[in-house]
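In structure tokens, the next block holds one chain alone, the form predicted on its own.
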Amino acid sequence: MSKTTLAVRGAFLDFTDDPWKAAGRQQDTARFLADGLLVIEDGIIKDFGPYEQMAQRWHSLPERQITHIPGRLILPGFIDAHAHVPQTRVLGKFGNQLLGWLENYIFPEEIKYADRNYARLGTRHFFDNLLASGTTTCQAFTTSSPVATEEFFEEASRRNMRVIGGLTGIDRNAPVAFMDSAENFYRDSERLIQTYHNRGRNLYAITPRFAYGASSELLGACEQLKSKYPDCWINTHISENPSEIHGVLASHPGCSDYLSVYERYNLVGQKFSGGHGVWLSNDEFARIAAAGAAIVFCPVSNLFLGSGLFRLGRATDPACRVKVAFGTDVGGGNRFSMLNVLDEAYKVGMCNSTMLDGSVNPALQDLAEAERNKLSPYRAFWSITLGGAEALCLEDKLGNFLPDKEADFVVLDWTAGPLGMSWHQSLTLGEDGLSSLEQAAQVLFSMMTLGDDRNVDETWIAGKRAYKKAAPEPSLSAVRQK
């Protein structure tokens, strides 16, 4: 069978290294092509480079197989490393911190996902929102119902999206109708692993929801599953909220901190990721780093639920560097857009930087950590592309435009978004558009602090356009002028 080859021409930006390692030369970790060509063969990147060179190398490729996207900036697809599929319908619920919010809004909604039709429609809406936000890969929680997990993987397969997910285990501190036994969790998880893991672009995560909702029996079942299926991921929560942490330590006697609960059951390692990590101690950060595990920073949710300010500067300490991905945490997070995640992450970092600058209280001074909290456009967009892929152990598949990686990417319109943004960008760029890495970085910073999902013009999955923003409706004044 002959292979399908196509190409996309436009302005591209991706990353080849970690900007936190580059000190004053963060721009050296990024690669910008004002006029580039991405060649794709059966959904996989075959070649990439400046258009003039690539046009000679691929002169036999018919013009009809080249899609030219002018006036836009093309990046690798965004990676949302922590989201909850069955919370799509309950975004923006008012007035609670974590535990009360779960009890009043989330558990009652997630129980409904035991109904296949309800789960199917909600899951479709979830993926529609991801694509409209430029997100091409997610790691997601479903519910304690196997039906919800089946619908998650089936819908992802229909769209050919790279996803990580799994049955959510919980057997305490939740409504009776929502909990399930450790035995059932093990049995259903094993069936789902055998059905979906490594089938197409599906990857399975053994998923204890959080230690507060997990008995020793349930965590023991997770340990058995990980031992039997060692190439599976582990996805959970950690140290999100002070009340939750107190509950965890009371529920798991003999554990000195939140992380030690998961360590007791041999769950912390290369493919482990814990969402939030707001209240981790320095010792926990060091142990996570040593294990090669990851934390997922969810600033929109942490602010919306009042959970606290994640110490990004501590997590990126070169002496004990933790892998960090970013996530929306929909629906604790009230946005699907990773651009909004970066906006809030920037603000969290600036607050933490101020608290550490030592000008008011010299005892708090840590200028190196303060600097690492600052989210430049290089650090920001690396974190939701190549950095997110590295944190989830997917860097061999995703994250930049290197050959042999999967051709998932997002096309950004820097003139779209809230009123006034196009005027702001015209001052930044003039009439010639993007011509340098510095300009591209300025545009990206503007999109992450001023923009939102309206800046996403197209989203491509495995070399095929999966989303195109609709043309805006004509204004009433424009209609009258006609």
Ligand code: GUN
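When you see a residue number, it is the position in the sequence shown, counting from 1. It should be emphasised that the depicted structure is a prediction, and the values quoted were computed from it without experimental measurement.
In what follows, reference is made to the form predicted together with guanine, a form of this protein that is not presented.
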Checked V278, V410, L398, L98 for heavy atoms within 4.5 Å of guanine in the predicted bound form; positive is L98
Tell me, which of F185, F297, F210, F381 has a heavy atom within 4.5 angstroms of guanine in the predicted bound form?
F210
Within 4.5 angstroms, counting heavy atoms, which one of the listed stretches 188 to 196, 402 to 410, 237 to 245, 386 to 394 is next to guanine in the predicted bound form?
237 to 245
Within a 4.5 Å heavy atom cut-off, is Q87 in contact with guanine in the predicted bound form?
yes
Close approach of D329 to guanine in the predicted bound form, 4.5 Å, heavy atom:
yes
Does any heavy atom of C232 come within 4.5 Å of a heavy atom of guanine in the predicted bound form?
no
Taking guanine as it sits in the predicted bound form, is A119 near enough to touch it, meaning that at least one heavy atom pair lies within 4.5 angstroms?
no
Decide if the three candidate residues L309, N373 and L375 all line guanine in the predicted bound form, where lining means a heavy atom within 4.5 Å.
no
Residue by residue through 290 to 310, which ones have a non-hydrogen atom no more than 4.5 angstroms from guanine in the predicted bound form?
S301, L305
